[in-house]
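Next comes just one chain, in structure tokens: the form predicted alone.
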């Protein structure tokens, strides 16, 4: 796996302790909110400003290091998996898991190619599937 320093430098970003800590948090927590990231970071860096975290997250999204996802409850979460995938949302708690299925992607693409939505060009199809995880 490429190191956090390499990921930052590949995107032309200055390597700072704050950026490294924030990216580490995103890789360590599954689909974290900004608050989740702040709690994680403050365990070792108690003085990091909330505003700094939000600015860095926006920069990471703009540079394509992470993706921003919005849940059905309008909660913004961050995703480190950049390859195409869908999300499984727990209806019982805040758990979100990645779901990769190439067959489903083909079915969806074929369906929308046939249906053609007038005046709309589809750029990406990503499902949010809600349900219960079996223990």
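The model shown is predicted, which means the values in this text are computed figures rather than measured ones. Numbering follows the first chain given and starts at 1. In this text, the rigid core denotes the largest set of C-alpha atoms whose superposition between the two forms falls within 1.5 Å.
This next part talks about the form predicted together with the DNA, which is not shown.
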{"item": "Heavy atom within 4.5 Å of the DNA in the predicted bound form - the one residue of 82, 76, 95, 104 that qualifies", "value": "76"}
{"item": "Residue among 66, 34, 29, 108 with a heavy atom within 4.5 Å of the DNA in the predicted bound form", "value": "34"}
{"item": "Close approach of residue 54 to the DNA in the predicted bound form, 4.5 Å, heavy atom", "value": "yes"}
{"item": "4.5 Å heavy atom contact, residue 18 and the DNA in the predicted bound form", "value": "yes"}
{"item": "Partner proximity in the predicted bound form: residue 14 to the DNA, non-hydrogen atom cutoff 4.5 Å", "value": "yes"}
{"item": "The DNA contact at residue 43 in the predicted bound form, heavy atom, 4.5 Å", "value": "no"}
{"item": "Neighbours of the DNA in the predicted bound form among 36-54 [non-hydrogen atom within 4.5 angstroms]", "value": "47, 48, 49, 50, 51, 52, 54"}
{"item": "Residue 45 C-alpha moves between this form and the one not shown by 2 Å or more, core aligned", "value": "yes"}
